[in-house]
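First, one chain by itself: the form predicted alone, in structure tokens.
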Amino acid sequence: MKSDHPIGIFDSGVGGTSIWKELHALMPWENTIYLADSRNAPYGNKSREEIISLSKKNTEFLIKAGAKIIVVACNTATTNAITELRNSYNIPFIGIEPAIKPAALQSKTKNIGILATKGTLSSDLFHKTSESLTNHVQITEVIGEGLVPLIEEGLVNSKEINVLLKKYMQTMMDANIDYLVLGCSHYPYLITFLKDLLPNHVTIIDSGEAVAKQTKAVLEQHQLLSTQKAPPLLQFYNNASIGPLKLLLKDYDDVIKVDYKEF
């Protein structure tokens, strides 16, 4: 692997672009290649075996494309498949998990909420993390059923999204939370709506910035940070419609390349 090889990123769909934006903001000189497996989204309703199989398929695509590190920009894929990926491939992996520990440590009401997919909330890795904190805080878990498909269709600003979020956030407010942890990389695109629905004292946490910092640290550790002077190559592939991908990345239209690709 060479330092000018790209950072590989995959997600069950377009939501992981929220992670890509943090990576690009921190390391704007790095080449990246992003894989959106929108044809199989959402992963949250699939079995662990299916999630592992899809994650391996995505990983192999990125390795063939020359990735020097792979960011699993999907909570469900991380919590269900990252151990298997690390055991199967000789490349560094960075995962994304709900940031429940910092929320639990900082909560004043000792009540925190987690909005995530069924696949994340039911995973062994999530349960191990959450169980270690239950002596300190009460955790309210809500499955964001229906949110990912709407975001995948480009309906971020839709009435349907708003109706679902009102219902889910009412559960959180009834539990007196003061921290809301976003457990899906699609959900940062809903933060504006969430802030409108929640009281001002509720802090919303997502994992994007922490993932970017960890990725940079691992690249430094392996002496793989890019030293190139040329503008980076920023590639995005989707195996379904590229419309939602282009919509979420419209601010980067002049520097990115977005394509449909079978994988």
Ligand code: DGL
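In this text, residue numbers run from 1 along the sequence as written. Since the model is a prediction, treat every value here as computed from it, not as a measurement.
From this point on, the text means the form predicted together with the ligand, which you will not see here.
Note that among 173-181, 75-83, 123-131, 159-167, the stretch whose heavy atoms approach the ligand to within 4.5 Å in the model of the complex is 75-83. With the partner omitted here, the residue from 148, 100, 71, 190 that has a non-hydrogen atom within 4.5 angstroms of the ligand in the model of the complex is 148. Residue contact with the ligand in the model of the complex: residue 43 places a heavy atom within 4.5 Å of it.
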